[in-house]
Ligand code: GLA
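Just one chain follows, in the form predicted on its own, and it is written as structure tokens.
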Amino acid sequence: MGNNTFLTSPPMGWNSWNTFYDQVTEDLIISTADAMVDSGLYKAGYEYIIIDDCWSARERDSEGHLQPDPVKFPHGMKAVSDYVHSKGLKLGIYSCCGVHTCAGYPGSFEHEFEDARQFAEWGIDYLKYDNCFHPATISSEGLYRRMNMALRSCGRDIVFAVCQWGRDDVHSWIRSTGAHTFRSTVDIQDAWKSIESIALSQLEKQSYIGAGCYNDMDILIVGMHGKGLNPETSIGGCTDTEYQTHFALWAMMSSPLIIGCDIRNMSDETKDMLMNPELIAINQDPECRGCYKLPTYGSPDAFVLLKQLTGNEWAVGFFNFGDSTAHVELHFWDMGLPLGNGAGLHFHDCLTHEDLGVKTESYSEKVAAHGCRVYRVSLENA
């Protein structure tokens, strides 16, 4: 217990915040756990059910302990944890490094060690730890170190998921705090411009990710379609083409894959996106390398991302952020394959699941507006 090696790839799961906001309840968590298993999401790799803000009572109890809201969680948090674990899943919960959470509930400032012990007693497996209302004279970096120490000594392996919003160059120091994941952006919104802005803001930070500490680009909005109770997130919705691009970007950029839609009511299109085994395999690749952007040919709104996978394989993503169809090209010499050595790349389409055979020198495709194409390629010598 208390080591960092149990999380060997970006975590996958579901979070209540985007769709259910402050209306998180025991019944919701139980029915979502059922849906996680029944839908096939658990089999696809999703294992964490994460309760976000607004789960607790407004005040600590007489002994200073956090307590769940008795109306929302009438049987207590241990009963919920036991049910989630009975399904083979893991339970996550939310707190904050400040005196209050972002929604005004009790935070963990100066209660870190007792809260960590409480979470362990409840059987919590994942802690989302936010950044609101902490004293200005104490850095969030110091407070994250404090909670990390508390979690490491609580007697249970608990994922430490820091929600720092990308402030104070968090990417440059967060690994040293012991965090397993770190939020590197503002909150995502259910809108194409939000997907675009977050992805572009994180391309230059790909060198900071690695096994044991993953860059969290925020909760997935795939399948939300403007639905949900969160007024900051549910602002319009995206097309399925845009959601597919969103999921492919998060997979290529090694972000945790945390679903935000109501998984009890998913469309077939949403299920196919979220359970695409080939994109999940790219995200979960054991080497956990960041991707990088190659020189662009054709449309200025289109680009190619390349990600080294384990062994002799790479993931290649063609992305078009423009408003019309774009011609996108990959020239193999840009990824390190000399023109004169006679080798080629074997292409497999991760969206259509088709084998495209061996290509030489270059490969190009038309990519729809706000769309993507993703390939798994391997080197084949002549």
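From 1 onward, residues are counted along the sequence shown. Note that this is a predicted model, so its numbers are computed, not measured.
Note that the form predicted together with this ligand isn't included here; everything after this is about it.
Using a 4.5 angstroms threshold between heavy atoms, A103 counts as touching this ligand in the model of the complex.
Residue contact with this ligand in the model of the complex: W173 places no heavy atom within 4.5 Å of it. Although the partner is absent here, D53 sits close enough that one of its heavy atoms falls within 4.5 Å of this ligand in the model of the complex. Residue contact with this ligand in the model of the complex: E196 places no heavy atom within 4.5 Å of it.
Three-residue candidate spot Y94, K128 and C163; every residue lies within 4.5 angstroms of this ligand in the model of the complex by at least one non-hydrogen atom.
Proximity to this ligand in the model of the complex, defined as a heavy atom within 4.5 Å, holds among D272, E278, E141, D187 only for D187. Stretch 94 to 102 is the contacting one of 94 to 102, 296 to 304, 80 to 88, 243 to 251, since its residues have non-hydrogen atoms within 4.5 Å of this ligand in the model of the complex.
Of all the residues from 139 to 153, none has a non-hydrogen atom no more than 4.5 Å from this ligand in the model of the complex.
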